[in-house]
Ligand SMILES: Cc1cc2nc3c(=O)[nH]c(=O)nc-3n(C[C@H](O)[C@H](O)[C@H](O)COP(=O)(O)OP(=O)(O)OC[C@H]3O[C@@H](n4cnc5c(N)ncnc54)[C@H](O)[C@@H]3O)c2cc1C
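A single chain comes next, written as structure tokens; it is the form predicted on its own.
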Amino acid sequence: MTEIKRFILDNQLGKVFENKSFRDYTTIKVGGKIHLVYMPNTIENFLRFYEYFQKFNYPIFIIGFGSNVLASDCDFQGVVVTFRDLDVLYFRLGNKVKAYPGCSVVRLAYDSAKSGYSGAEFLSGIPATVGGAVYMNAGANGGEIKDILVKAKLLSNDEIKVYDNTELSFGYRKSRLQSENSILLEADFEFINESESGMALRKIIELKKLRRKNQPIEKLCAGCTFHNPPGLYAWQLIDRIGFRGYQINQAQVSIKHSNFLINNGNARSDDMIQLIKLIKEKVKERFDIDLECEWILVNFEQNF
């Protein structure tokens, strides 16, 4: 790791941090130590690092704002990369936007609305970067990334290629990036002129109020825990097995919204995993439905 750190610093490829943990980089504040955190300052410099990094046998994990992520309490013997410190996060020409992976989707939504464009309002309550949002086909309030994305440039299997929207295999919280373990390098979006001045901003304000009312945003959490099964809502199934408010040590099912698991201050990853497993088991017993965890699980020996 010393050699990797020296390469980044000697070539001025960005910032490097040691002695960090996933608690520092996830919204649920759970997870073990990270050997090295790298914050590239440009996409070009990240690619220089990535090419150099290939000769090492260390894992790499790309993280945005750390929502939708649960990391093991074990030490991560690799490099975590976050694009949040890029020199340029996005630029706009009329209704067209080119955004880079570290750009906040909340900022994208607000800035587009302030400029008189509609289409991104649903992003205003999602604590994610563009990279994570495209990876997960993030969505809320009836909108999804696939509705506004035109094309994306990906790093996949050591090759860089641009894909049109139709080539990205978007589904419910799914995309080509997941199946091929690709890294987003840039994304092109297209918005529409709002039909009435100020309409997009008013919509954002309404959605913000709704989110504050219905979601435990004041708590440490990673967003919705389970995918909604076809035609159903995961929170309803969790309610029906009587698990709203259920707690294992410091991990708890939110009282406000039972598809959110929260960290009451000092939860461990084992607490969260036990709670996830128990909910899945009880829902399967009661309804014969296999709930699928929506979170990205990092540094675990298996998925749950």
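Residues carry their position along the shown sequence, with the first being 1. All values reported here derive from a predicted model rather than from experimental measurement.
This protein has a second form, the form predicted in complex with the ligand, left out of what is shown; the following refers to that one.
Heavy atoms of Y38 never reach within 4.5 Å of the ligand in the predicted bound form, leaving it off the interface. The shortest heavy atom separation between G31 and the ligand in the predicted bound form exceeds 4.5 Å.
The closest heavy atom approach of R173 to the ligand in the predicted bound form falls within 4.5 Å. Residue contact check for V283: none of its heavy atoms lie within 4.5 Å of the ligand in the predicted bound form.
This chain appears without its partner; in the predicted bound form, the one residue of F76, F83, F226, F191 with a heavy atom within 4.5 Å of the ligand is F83. Note on contacts: among V253, I238, A267, V69, the single residue with a heavy atom within 4.5 Å of the ligand in the predicted bound form is V69. Note that among 227-235, 162-170, 210-218, 107-115, the stretch whose heavy atoms approach the ligand to within 4.5 Å in the predicted bound form is 210-218. Residues from 174-197 that approach the ligand in the predicted bound form with a non-hydrogen atom closer than or equal to 4.5 Å are L177, S182, I183, L184, in the order they occur in the chain.
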